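A single chain comes next, written as structure tokens; it is the form predicted alone.
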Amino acid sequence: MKKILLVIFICLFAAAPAFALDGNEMLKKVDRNLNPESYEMYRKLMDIEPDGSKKEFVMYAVKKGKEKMASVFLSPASEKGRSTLRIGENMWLYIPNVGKPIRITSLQSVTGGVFNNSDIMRLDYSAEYNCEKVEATDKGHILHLKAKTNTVAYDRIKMWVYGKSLLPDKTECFASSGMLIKTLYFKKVKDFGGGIVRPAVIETDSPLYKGYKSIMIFAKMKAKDLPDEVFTLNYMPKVESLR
């Protein structure tokens, strides 16, 4: 009898890690599956209005660690040379003919579309959110995220994650009042090379902006070592030189 109990105990102990779902560890894996810790990439942003008209922007961006991102507009001509910098929750916009970085907020949008600055200059989710609950689904899990501080763009996020790949399928973003602010849809998983396999397209809509939609298309994402100097106010006019 003792031997049988010992075997059962050993089997349960060995199986425990498989059943122990640590939401914060899963969230960190989602972050790394979406992109390397430090990288460069190109993006096209499209803002589509209810009448079907659209504006397109092309940006080059670099990110280092969990909390530093810089980017520069390459087109259209009216935006070329504008750059953005994010360090934690602090954000700036540099406009060449102004010549001095301007503070901006996470809920504003440098393109004027449904994507706000927090979406466009996305940090690691695990840098801004704690996972309070993990819910199993047929395809994977739903991570229930709560903002670590009240300075974050969204108070809560529900993130649908595919099982083995641990890539997001959809996120719903909520205000502290519980109101749904927007939904992001992650589409077209693509192999970018270098071990980066992630959605190449993110679409978003919002009940606050009915009929409007924004799309973000990712290209040429790859790991890149970057000096800390890149993520300073003085470097904002020179971000394009990194290409």
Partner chain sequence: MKFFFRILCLLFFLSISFSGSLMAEDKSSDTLDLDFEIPEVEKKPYSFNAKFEISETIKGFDEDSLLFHQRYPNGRDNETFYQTEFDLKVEGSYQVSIVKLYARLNGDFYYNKEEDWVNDSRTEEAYVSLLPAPSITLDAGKKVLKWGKGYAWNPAAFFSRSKDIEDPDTTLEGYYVVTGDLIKSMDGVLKTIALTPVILPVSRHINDEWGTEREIVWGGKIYFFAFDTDLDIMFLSGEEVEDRFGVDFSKNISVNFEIHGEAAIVLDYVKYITDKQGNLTEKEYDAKSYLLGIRYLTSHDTTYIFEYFKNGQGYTSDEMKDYFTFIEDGYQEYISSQSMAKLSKSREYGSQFYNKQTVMKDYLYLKVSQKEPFDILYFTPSVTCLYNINDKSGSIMPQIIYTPITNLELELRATFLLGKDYTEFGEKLNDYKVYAAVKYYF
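Numbering follows the first chain given and starts at 1. The structure displayed is predicted, hence computed values, not measured ones.
Missing here is the form predicted in complex with the partner chain; even so, the following discussion is about that form.
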* Asked: Within 4.5 Å of the partner chain in the predicted bound form, do Met121, Glu135 and Ser165 each have at least one heavy atom?
  -> no
* Asked: Would Asn130 sit within 4.5 Å of the partner chain in the predicted bound form, counting heavy atoms only?
  -> no
* Asked: Is there any non-hydrogen atom of Asp228 lying within 4.5 Å of the partner chain in the predicted bound form?
  -> yes
* Give a yes or no for Glu67: in the predicted bound form, does one of its heavy atoms lie within 4.5 Å of a heavy atom belonging to the partner chain? => yes
* Asked: Does the 4.5 Å heavy atom contact test between Phe218 and the partner chain in the predicted bound form come out positive?
  -> yes
* For the chain shown here without its partner, which stretch in 168-176, 155-163, 137-145, 104-112 has non-hydrogen atoms within 4.5 angstroms of the partner chain in the predicted bound form? -> 104-112
* Asked: Within 4.5 Å of the partner chain in the predicted bound form, heavy atoms considered, which of Met26, Ile196, Met46, Val62?
  -> Met46
* the partner chain in the predicted bound form - contacting residues of 56-83, heavy atom within 4.5 Å -> Val58, Glu67, Leu74, Ser75, Pro76, Ala77, Ser78, Lys80
